[in-house]
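Single chain ahead, by itself, as structure tokens, in the form predicted on its own.
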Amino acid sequence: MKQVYDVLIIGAGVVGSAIAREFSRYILKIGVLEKELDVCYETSGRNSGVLHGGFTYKPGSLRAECSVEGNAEFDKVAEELDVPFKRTGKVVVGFDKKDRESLLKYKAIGEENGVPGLEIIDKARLQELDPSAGGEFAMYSPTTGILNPFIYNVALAENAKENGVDFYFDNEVIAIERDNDLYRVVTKKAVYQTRWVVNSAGLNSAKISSMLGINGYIIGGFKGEYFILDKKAGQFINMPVYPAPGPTGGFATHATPTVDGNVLIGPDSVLVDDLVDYGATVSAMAGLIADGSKMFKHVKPEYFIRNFSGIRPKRIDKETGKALDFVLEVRDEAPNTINLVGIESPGLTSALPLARRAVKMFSEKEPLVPNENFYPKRKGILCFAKQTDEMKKTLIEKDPNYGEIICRCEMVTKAEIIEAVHNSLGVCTVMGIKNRTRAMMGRCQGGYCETRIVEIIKQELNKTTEQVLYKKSGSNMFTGTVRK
């Protein structure tokens, strides 16, 4: 590839996409390399979707600073990027004296971090806030919220794309070489030249760091599994319900409503060696039911519609095995690089604060010229199901495709699917359509609509049946016909 980038970002998760958007505020040639076929296929799309308050992180740490900063600004961010978001608040519940001591400890930490409004509440107040919550008392965090993590990642990337950033999917980085004042970034598909490299590779951040000549980081994959409950359970919960943190500050299984009305039960946390094993396990599911029932009184089998897992890239101290703070750095041994390692929870909340700090590091080495054409807003796909009857009638009159329901569970129309197929990032997998529209996320999990979505992808993009992919390269939905 002959063109030379000013900045090449490795990783299009929520943090990499946020960094791309922030750099697009300036006159630069920017590219993003992503090994998957879309954004948010790994850590950024496999989490609880919570906007964290910032009360469990060590005062003065990067995690604490960015979490509090990201939380405070998110109403504006959600409005700019058209991201579904609710500032619900959160209760962290306790049952005994040890739990009360834990809550008092983290209330003090939160106040030192600048988290507003934290208070210890009794059972009466807890039941007033959320009658479905377990616990004898709680710490209430009014600034905590919930958001759609898929749409947030997509929105950051789409806004970056609309402001001139190039995205290259299915481009896994396999080598990085320094050639005079340029880097040659080699992927399985091409070679890219750039003046600066930003490592935002999530689970693979330590590996990319080593390619840049920065060695010694260890990433521990902490796997957590979840149950998804039907929206019928969602009517009983008002806000995330978490257990009092343990000695290390981590949370056990919690109950979290989604912005779309479901409930997530999980995650547990297990250290794993395989960073791509997202399979569900029977033992974990049993544990989620037992622990989740303590948080939420309506964990019942009739509400279960799906399970999934995520893996967090924790930075681990090789001597003690303890989890460490985020890394955001520039290093002399790797000139013109910005290195991010171990960005796990609260990465969703911290994405834009981290991005601004990354751009500031660049500006301390080189002057930046503002892009006067930068436009911070992005409009998402209109959700037909949330419109008034009058608006629905108007939409159908303008476009009859709004009158054809493709996903019956989530009431997603053909018009929405078509708009998603023609997204600005050029993503055309079935999972990409699912993440943008919620089609296939309902009770039947695609039993009715999946094949219909495949047909729309084929028609809109002139593909054969065999060319349609579910998620990854090689994940062909069909390999041929059973009968003619």
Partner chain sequence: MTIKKDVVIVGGGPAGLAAAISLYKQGVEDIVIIEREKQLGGILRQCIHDGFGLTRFKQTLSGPEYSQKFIDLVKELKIECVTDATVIEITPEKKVVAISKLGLLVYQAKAIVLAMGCRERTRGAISIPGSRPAGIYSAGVAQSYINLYNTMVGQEVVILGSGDIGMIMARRMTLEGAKVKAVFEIQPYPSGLPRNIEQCLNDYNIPLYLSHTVTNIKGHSRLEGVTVAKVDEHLHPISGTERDYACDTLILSVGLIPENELSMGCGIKLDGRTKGPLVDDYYQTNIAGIFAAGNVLQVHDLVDFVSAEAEALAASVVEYIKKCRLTPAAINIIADADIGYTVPQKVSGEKDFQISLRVKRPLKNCEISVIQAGTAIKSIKLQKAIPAEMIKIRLTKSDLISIDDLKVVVK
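Note that the coordinates shown come from a computational prediction; the quantities given were computed from them, not determined experimentally. Residue numbers count along the first chain shown, from 1.
The next section is about a form of this same protein that is not shown, the form predicted together with its partner chain.
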**Prompt:** Any chance Lys392 has a heavy atom within 4.5 Å of its partner chain in the predicted bound form?
**Reply:** yes
**Item:** 4.5 Å heavy atom contact, Thr451 to its partner chain in the predicted bound form
**Value:** yes
**Message:** Test of understanding: in the predicted bound form, would Lys232 fall inside 4.5 Å of its partner chain by heavy atoms?
**Reply:** yes
**Message:** Taking any heavy atom pair closer than or equal to 4.5 Å as contact, tell me whether Thr481 reaches its partner chain in the predicted bound form.
**Reply:** yes
**Prompt:** Looking at Pro247, Gly216, Pro400, Pro367, which is the one with a non-hydrogen atom within 4.5 Å of its partner chain in the predicted bound form?
**Reply:** Pro400
**Fill in**
Among Ala78, Ala133, Val341, Ile305, just one has a heavy atom within 4.5 Å of its partner chain in the predicted bound form, namely Ile305
**Asked** When its partner chain is placed as it is in the predicted bound form, which of 187-195, 404-412, 98-106, 357-365 ends up with heavy atoms within 4.5 Å of it?
**Response** 404-412
**Item:** its partner chain in the predicted bound form reached by all of Asn47, Ser61 and Val299, non-hydrogen atom within 4.5 Å
**Value:** no
**in the predicted bound form, residues of 449-484 near its partner chain [heavy atom within 4.5 Å]** = Glu450, Thr451, Arg452, Val454, Glu455, Lys458, Thr465, Tyr470, Lys471, Lys472, Ser473, Gly474, Ser475, Asn476, Met477, Phe478, Thr479, Gly480, Thr481, Val482, Arg483
